[in-house]
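Before any questions on binding or motion, here is one chain by itself as structure tokens, the form predicted on its own.
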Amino acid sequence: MTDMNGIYVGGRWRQGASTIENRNPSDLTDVIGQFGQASAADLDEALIVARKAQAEWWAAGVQKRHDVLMAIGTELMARSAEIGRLLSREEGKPLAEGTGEVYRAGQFFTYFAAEVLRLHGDLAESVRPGIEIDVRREPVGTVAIISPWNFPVATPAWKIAPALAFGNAVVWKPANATPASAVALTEIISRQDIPVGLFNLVTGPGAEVGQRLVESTAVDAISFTGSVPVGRGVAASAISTMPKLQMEMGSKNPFLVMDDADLDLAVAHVTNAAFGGTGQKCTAASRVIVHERIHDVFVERLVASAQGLRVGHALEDGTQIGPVVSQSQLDKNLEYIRIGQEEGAELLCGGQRLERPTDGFYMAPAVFAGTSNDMRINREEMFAPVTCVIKAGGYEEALSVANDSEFGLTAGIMTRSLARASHFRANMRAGCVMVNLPTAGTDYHVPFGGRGASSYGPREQGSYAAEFYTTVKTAYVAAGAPE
């Protein structure tokens, strides 16, 4: 990591104005490395070189873009075990999840390699004689990408891949909590046959590097994933220069469990959705709305399932729940446990810091019962291994509670009723709706995003990504006069 330490600008790695220390949240004695922090000058240079490189990249043609993206994706998949181990070491998710994330990141690149060749225009007849019309998509220009720490390879991959596929240049600011994963992805991209300056990595604090990036007049589009407060700040700062905006933000995802559900499957899916990735997913099920007829037995089984999860070092065999990412995140989680109890919720299990053979940020998965939808623990995104059970008198009440939120990312229902499932799909106000599946878990070739405070701007992933990463040009051409 000495030569590749977190800043890659103008086709070369460089030292930063300062460094940050990166430690393993599973074992605080394990120092992963020192990573550079970009200066204002580094960022300004990145934006200058990106614009020149973008024109060269677009002119290189579709075959070149296809080949580069395919090479990146193929290498990510081939090295998923190696890079996944690094990812789990610095972020804290179990090794199987880290490996799977890197493999999925590779699939994003290979998918968009194929999309390069699928980008077709349209021909139209003019209402005026002798005029031809063609409509085509062109790159939006220089794209600023701001990504979070919870999916440090997959989230940037599903932004970087379409940006490059559609001919754009990229300036990427990752989260400071996971710099090693950012360096690993950048190292692969840096070895490709691309114009110097096309892809740039600028690590640094959001209040400085991120703020300067979103305010820059050299940025044509901003793709952001993070919290609602930060997202609103990004939008407010960027509006003066009017770039395209795409933002994926918070969530408070509901999971309905109806009285006709397969209880064993429901408990398994809720456990997966609520506690997978230590609950540090925007798609996590943090509100479980349960029909009163099965409420007590379901809660009993859910508590037993949560208590049976093995919490431990992310790299150890058998670990199902790793540590949370940082001390500050753990402090926030424990504060929400206190808030929930003060609000009158019943803490049935978990919620405490755990001691393990290695010093890390371990927390027992928590289940609250006796909660109402007006409690803060059911209104605010916690990003924690905590889920809250709400009792509902029937399907209609459960759906009403589910929709009573400023968020609308994912939502799920467990039911054997086709009528209920169909009604839920049509009337649940969420961007992604799951029937008899966990709320977490989406495919890479279809659109992803939400409604309300969860998302702003065009969808991510799949063919819908073209709406954000390209701009549409309509050309009118007068046919030549016959000779």
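Worth saying up front: this structure is predicted, and the values here are computed from it rather than measured. For every residue, the number given is its place in the sequence shown, counted from 1.
Another form exists, predicted together with a small molecule; not displayed. Remarks below refer to it.
Trainee: In the model of the complex, does every one of 147, 207 and 211 come within 4.5 Å of the small molecule, counting any heavy atom?
Mentor: Each of the three qualifies.
Trainee: Is residue 227 close to the small molecule in the model of the complex, meaning a heavy atom pair under 4.5 Å apart or at it?
Mentor: It does: once the small molecule is placed as it appears in the model of the complex, residue 227 has a heavy atom within 4.5 Å of it.
Trainee: Look up in the model of the complex whether residue 381 has a non-hydrogen atom within 4.5 angstroms of the small molecule, and give yes or no.
Mentor: Taking the distances in the model of the complex, the answer for residue 381 is yes, it comes within 4.5 Å of the small molecule.
Trainee: State yes or no: in the model of the complex, is some non-hydrogen atom of residue 250 no more than 4.5 angstroms from a non-hydrogen atom of the small molecule?
Mentor: Yes, residue 250 is a contact residue.
Trainee: How about residue 174: is it within 4.5 Å of the small molecule in the model of the complex, going by heavy atoms?
Mentor: The answer is yes: residue 174 has a heavy atom within 4.5 Å of the small molecule.
Trainee: Please pick out the stretch from 199-207, 238-246, 89-97, 288-296 that is in contact with the small molecule in the model of the complex, where contact means heavy atoms within 4.5 Å.
Mentor: Correct option: 199-207.
Trainee: Just to be sure I understand the contacts: of 234, 219, 337, 184, which is the one whose heavy atoms reach within 4.5 angstroms of the small molecule in the model of the complex?
Mentor: Partner contact (heavy atom, 4.5 Å) among the options: 234.
Trainee: Which of 409, 270, 169, 256 has a heavy atom within 4.5 Å of the small molecule in the model of the complex?
Mentor: If I apply the 4.5 Å criterion carefully, the residue I get is 409.
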